[in-house]
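Only one chain comes next, encoded as structure tokens, the form predicted alone.
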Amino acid sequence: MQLVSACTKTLLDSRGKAAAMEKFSISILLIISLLPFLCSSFSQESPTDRRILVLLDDFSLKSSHSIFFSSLKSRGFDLDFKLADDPKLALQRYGQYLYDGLVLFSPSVERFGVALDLAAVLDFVDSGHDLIVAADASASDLIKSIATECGVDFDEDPSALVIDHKTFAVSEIEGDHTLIAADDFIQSDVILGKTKIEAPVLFKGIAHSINGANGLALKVLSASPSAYSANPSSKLSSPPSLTGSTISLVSVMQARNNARIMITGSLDMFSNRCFRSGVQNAESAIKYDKSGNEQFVAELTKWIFHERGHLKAVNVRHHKLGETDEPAMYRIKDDLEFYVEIYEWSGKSWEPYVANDAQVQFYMMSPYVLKTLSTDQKGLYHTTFKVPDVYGVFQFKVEYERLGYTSLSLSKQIPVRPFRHNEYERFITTAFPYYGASFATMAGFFIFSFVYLYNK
């Protein structure tokens, strides 16, 4: 019996060890499977998006828009192509996002895969990730709802296209003036790069406007004053709802969490045909051998995916004037120095950011001191000022917002104390009249007493 019990116990122990080893092996495989996603996720040290999910209506878009996709791959992006209605579609797994950016080239999709919906896309943006939305005449209510949540409203007429009888692109095929040669770009070197886009951009699609309640959205490419949105196949029975420069062809938005969004009403704008096609504006005699689409899209996506215009502030420090160590607190009327380093991501490395409008606040309920920071042109910003004659808990605050750049908001808390009893001056200059009055009173009393006592 003892031998049987020992054998049974040994068998149970071996089974337990086997089960434990099986669980351990599964855990190791799970960690290894997640390593690529964790290593390619958004990092403050390398803020450029690396893994991008591209949702398509049809896989044929991979070939018809191959130049655009090849451009992203050549810049180091890992593209994952999926159909928009794929039932296995997911943006996150085990609470971790699998992608850094999302490209929606699926204008006609009525419903995404099971694990993806409007709320999931908005949560993706709210988590600081970037988004590109391209629509066309077949745009579904889902795509329009995503745009509306981002501060952009597409034309409600499902059959309307942008029409321009003055600045249309000269073409032997297009006769309804819906192929537009647009060149009204936003004036921003941060968003569109320092190299000027000479050739117009070919655009054929639907119009949208920026919601007036949204102060974060910007028009990057606007229609001309002669453009309007209507059905090109029918006569106008009433004035169009969108006309002139109120029509935005391409818009962007940078959210308060620095997530960036691009919205356009033309999927064809990214196509190989538009990239390679020559262009001539009907109002101009100049004909370009190649449209500005490729340069425009490349420069804009560099901004969207944080290859340009991404700032970081590091090494915030302060100390008394003439010292080097940071104190635990300041005394009122102390002279102090403040330093902060600001860098911009160039796509490959952090470069010094040079500007003359960065400021620091010495803040308690409201700013008591507001100083513009001087720079050494190497990323270091500094200033000196006197602590105000108010004691309490203050903050050094740097809040920097500039068109096209990610916003900076950082603070550092420091208490300020009053003078101690033995730190006041022995004789205060402003009190000399009181000192004189006291001595004059004593002298007067002495003279009065002497006269009163000894005068006969």
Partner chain sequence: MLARTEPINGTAKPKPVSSPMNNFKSDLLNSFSLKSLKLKTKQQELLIRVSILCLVYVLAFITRLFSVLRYESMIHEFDPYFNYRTTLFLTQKGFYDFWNWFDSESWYPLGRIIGGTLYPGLMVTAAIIYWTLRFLRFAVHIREVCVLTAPFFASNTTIVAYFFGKEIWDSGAGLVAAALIAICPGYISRSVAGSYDNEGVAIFALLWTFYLFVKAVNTGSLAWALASAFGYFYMVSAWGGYVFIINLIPLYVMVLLITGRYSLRLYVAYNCMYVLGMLLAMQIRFVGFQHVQSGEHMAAMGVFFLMQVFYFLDWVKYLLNDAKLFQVFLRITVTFTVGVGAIALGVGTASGYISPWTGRFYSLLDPTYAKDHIPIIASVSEHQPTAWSSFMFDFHILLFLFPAGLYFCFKRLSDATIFIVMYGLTSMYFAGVMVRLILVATPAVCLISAIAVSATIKNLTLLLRAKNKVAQTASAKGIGSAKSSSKGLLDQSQPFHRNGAIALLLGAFYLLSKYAMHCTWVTSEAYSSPSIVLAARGAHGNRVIFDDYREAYFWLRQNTPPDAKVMSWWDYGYQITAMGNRTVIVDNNTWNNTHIATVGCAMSSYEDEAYEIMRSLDVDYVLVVFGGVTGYSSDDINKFLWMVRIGGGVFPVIKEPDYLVNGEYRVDKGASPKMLNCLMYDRARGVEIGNKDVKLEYLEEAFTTSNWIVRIYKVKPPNNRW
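Think of the rigid core as the biggest set of C-alphas that the two forms share within 1.5 Å after superposition. Here the structure is a predicted model, which means the values were calculated and not measured. Numbering follows the first chain given and starts at 1.
The next section is about a form of this same protein that is not shown, the form predicted together with the partner chain.
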Based on heavy atom distances of 4.5 Å or less, which listed stretch (145 to 153, 317 to 325, 295 to 303, 372 to 380) is in contact with the partner chain in the model of the complex?
145 to 153
Whether Val125 contacts the partner chain in the model of the complex should be assessed with a 4.5 Å heavy atom distance threshold; does it?
yes
Just to confirm, Lys287 within 4.5 Å of the partner chain in the model of the complex by heavy atoms?
no
Verify the contact flag for Gln395: yes if a non-hydrogen atom of it lies within 4.5 Å of a non-hydrogen atom of the partner chain in the model of the complex, no if not.
yes
Using the partner position in the model of the complex, report whether Lys62 sits within 4.5 Å of the partner chain, counting heavy atoms only.
no
Heavy atom distance at most 4.5 Å to the partner chain in the model of the complex, all of Lys82, Ala115 and Ser224
no
Quick one: of Val354, Leu89, Ala282, Met329, which gets a non-hydrogen atom within 4.5 angstroms of the partner chain in the model of the complex?
Met329
Taking the partner chain in the model of the complex as the reference, which of Val170, Ala120, Val190, Met364 has a non-hydrogen atom within 4.5 Å?
Met364
Neighbours of the partner chain in the model of the complex among 194 to 230 [non-hydrogen atom within 4.5 angstroms]
Asn211, Ala213, Asn214, Leu216
Taking the rigid core as the reference frame, is the Cα of Leu236 displaced by 2 Å or more between the shown form and the other one?
no
Did Ala328 shift 2 Å or more between the shown form and the other one, C-alpha, core superposed:
yes
After the core is matched up, is the C-alpha of Ser411 off by 2 Å or more between the shown form and the other one?
yes
